[in-house]
Ligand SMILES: Cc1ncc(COP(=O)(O)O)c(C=O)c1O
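One chain is shown next in structure tokens, namely the form predicted on its own.
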Amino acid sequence: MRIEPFALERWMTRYEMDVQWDIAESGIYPMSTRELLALLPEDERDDVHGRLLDTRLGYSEARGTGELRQLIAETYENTSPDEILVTTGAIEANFLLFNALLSPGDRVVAVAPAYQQLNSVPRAIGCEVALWHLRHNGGYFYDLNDLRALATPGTRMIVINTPHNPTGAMLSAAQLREIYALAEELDAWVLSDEAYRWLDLPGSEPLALPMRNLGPRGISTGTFSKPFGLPGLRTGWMAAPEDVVQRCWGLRDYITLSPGKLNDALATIAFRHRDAIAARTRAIVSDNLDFAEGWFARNSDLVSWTPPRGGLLAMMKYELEVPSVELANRLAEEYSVMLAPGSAFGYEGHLRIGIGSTPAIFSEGLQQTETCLRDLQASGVPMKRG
């Protein structure tokens, strides 16, 4: 397989370990192992700590432990543990599904912009990839008429992402049902990247139920990285028909073989206590949204945004005539702030912002961003016309 460079990952790797204020990150601020284990009832902690310390670091169950798969399966309708495959993040789940279900020449309709994997991997397989672009009119939104025009007979897969990376747009329950009905009509799969499941935002409408719940043509992928604040566990999953899971399991024998044993154990603890983790997430996000509202109002001559309806990401539009990669590099190198260049998503003149950092990091990162923009303005960088 020949695949194009992953523009966003290459850019983020350049700076993410060095900046002080990372406000481009797509997940919630990571939990420590101590914080995670503190969620256990006191009368269980010593026993669980002992079992973790005594765990022999051999291979784990290749599909993910039965306990973890059972917990995940219970969050979907009509789904058994055999229809769950635990993977190395949602990124592996998506990769396996593309390679198990697609062949060269297949037509794929994929949402755009998106996490680049969702269109680059099908393209590398040799598929014909039609991009379903979000629209913008006072906010970002999906237009199902555009999807219907693209999903012509012979379409093998429709790839969606909700809440959306990078705009924070969402598909409603009614829209998801329409997409599933279209896939049934076409005898196509719907692969729904649901990395932000359980990440309802304060004051926003609840997230729709997973695509997996709608029927056998629906596949959902999920992760512990974004909503749980546990990206270092490198643990995700797919929920799919058993025969699809079996095919993907066969493929991953050649890639990662199995989840890490400690990763699986810690993920199981996190899943059992996801309500407490969700409360932590809501507190962080609520503080950051409050600060952002005032910051954007104060700097409305230079920046604007559409707050996310779900998830943790949004696009920040800026009014200076400077390419987004150049601006993002300057922010990282001179102001120690990380905001991802919009050009990585096809949104030149924008930066991707995440609202999942701690309030201290988020507020200081925006303050430093303001300083950078005002410095550029004072140096004579022109404002955009119109």
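Note that residue numbering begins at 1 and tracks the sequence as displayed. This structure is a prediction, so every number in the text was calculated from the model and none was measured.
Beyond the structure shown, there is the form predicted together with the ligand, which is absent from this document and is the topic of what follows.
- The candidate spot formed by 122, 189 and 220 is out of contact with the ligand in the model of the complex: none of the three has a heavy atom within 4.5 Å.
- Contact annotation: the ligand lies within 4.5 Å of heavy atoms from the stretch 90 to 98 in the model of the complex, the single such stretch among 90 to 98, 137 to 145, 204 to 212, 272 to 280.
- Proximity to the ligand in the model of the complex, defined as a heavy atom within 4.5 Å, singles out one entry of 314, 170, 195, 127, which is 195.
- Of the residues 288, 225, 263, 155, just one reaches the ligand in the model of the complex with a heavy atom at 4.5 Å or closer; this is 225.
- Although the partner is absent here, residue 234 lies within 4.5 Å of the ligand in the model of the complex, judged by heavy atoms.
- Interface residue remark: residue 115 is counted as part of the site for the ligand in the model of the complex, having a heavy atom within 4.5 Å.
- Of the heavy atoms in residue 79, none are within 4.5 Å of the ligand in the model of the complex.
- Contact between residue 258 and the ligand in the model of the complex is not found at the 4.5 Å heavy atom cutoff.
- Scanning 7 to 33 for heavy atoms within 4.5 Å of the ligand in the model of the complex gives just one residue, 26.
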